[in-house]
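Below you'll find only one chain, the form predicted alone, shown as structure tokens.
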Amino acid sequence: MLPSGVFFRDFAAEAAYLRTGPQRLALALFVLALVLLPALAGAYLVGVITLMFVTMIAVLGLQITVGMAGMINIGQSAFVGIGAFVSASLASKLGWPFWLTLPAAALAAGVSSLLFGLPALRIKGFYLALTTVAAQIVFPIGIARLPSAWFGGSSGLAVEPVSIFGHALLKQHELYYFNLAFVLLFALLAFNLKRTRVGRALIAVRDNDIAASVLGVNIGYYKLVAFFVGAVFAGVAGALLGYVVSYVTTDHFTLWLSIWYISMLIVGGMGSPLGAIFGTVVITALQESLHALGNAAAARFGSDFGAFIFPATNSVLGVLIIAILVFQPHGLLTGWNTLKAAYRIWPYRHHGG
């Protein structure tokens, strides 16, 4: 729904995401706020947002596989881990710069995903979800079994810091801007993917794979493409995570993390990359708020009470996810779209759903 008086003379203008001047101005101001944030916020908040950027890239990739192509993937954390270990090994052992380690990490994660995406050619739904769990199980075993000279084995691997023109990015705000650039890039790619022939084919496969096949869409090929592209995003996220935390182990990439990725997508809404962004921001904000509450409770009432708060975080977030599924099945994105429509026709009433 558009404000009164807004119309288009060609399809390209109508299909654009930013179709009015106020929309473009709002986006420019939002990006400016992100750029200025390190100067206004403390180091802890900047660090949290930096990690959130990394998570957002992984969830954007999951939105392509799950939301756009309709295939359940509960192994995204494993592909993030593959990217992290490949990038860390190349940077620390061979001295590769980030502009080589990131593509290598993306390619390694993408190729690995094809092995676990092959069952998608014949199965779907719950059975496919169980198959992707295999990636999560095989990943730590594989890292532990491979020669420790490659990836450090179960002990993990230290990561050399990012270096740009000979300057190592060690300060928190430097890593913030480094990751901000990549999250903006991959968000742009995710938003524009569905405008391409590949994106339209993935949506057709999701909506009705039989009808898509009749129309000439190669179902098997595009299912593998969906896994590959989603894992490429995950591989880049893993490489960036390694640079942020400076040390990677298999303990960082658990099944629980994959479940949280799915949860973020459910809370935000699977239908659009904007839902992935909303879900990541909301879940991260809730996690940090509950952790802050736990620290405050521990300081005021003792460590025993604080120890109760921390496990309660998962319970609270679980209740939130259930509430979203019951009352807002399409995620927070539905409420956002309703709010936009109500704003555009104000002061008249809006009854959108």
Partner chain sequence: MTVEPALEAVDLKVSFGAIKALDGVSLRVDAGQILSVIGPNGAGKSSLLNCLSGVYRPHSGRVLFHGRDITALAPHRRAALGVARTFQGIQSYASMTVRQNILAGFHCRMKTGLLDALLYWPRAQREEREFSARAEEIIEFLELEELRHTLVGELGYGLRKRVDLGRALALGPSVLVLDEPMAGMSVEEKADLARFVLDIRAAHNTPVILVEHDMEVVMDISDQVLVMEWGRAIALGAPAEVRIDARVINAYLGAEEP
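Residue numbers count along the first chain shown, from 1. Nothing here was measured: the structure is a model prediction, and the numbers come from that model.
Keep in mind that the form predicted in complex with its partner chain is missing from the display, and what follows is about it.
Only one listed stretch (134 to 142, 216 to 224, 121 to 129, 150 to 158) carries heavy atoms within 4.5 Å of its partner chain in the predicted complex, and that stretch is 216 to 224.
For Leu189, a non-hydrogen atom is located within 4.5 Å of its partner chain in the predicted complex, even though that partner is not displayed. Residue contact check for Leu274: none of its heavy atoms lie within 4.5 Å of its partner chain in the predicted complex. Its partner chain in the predicted complex is approached by Val198, whose closest heavy atom lies within 4.5 angstroms of it. The closest non-hydrogen atom of Arg206 lies within 4.5 Å of its partner chain in the predicted complex. Contact with its partner chain in the predicted complex holds for all three of Ala12, Ala212 and Val229, each having a heavy atom within 4.5 Å. Residue-level contacts in the predicted complex: of Ala108, Ile72, Leu193, Ile262, one residue has a heavy atom within 4.5 Å of its partner chain, and it is Leu193. With contact defined as any non-hydrogen atom lying within 4.5 angstroms of its partner chain in the predicted complex, the stretch 19 to 55 contains no contacting residue.
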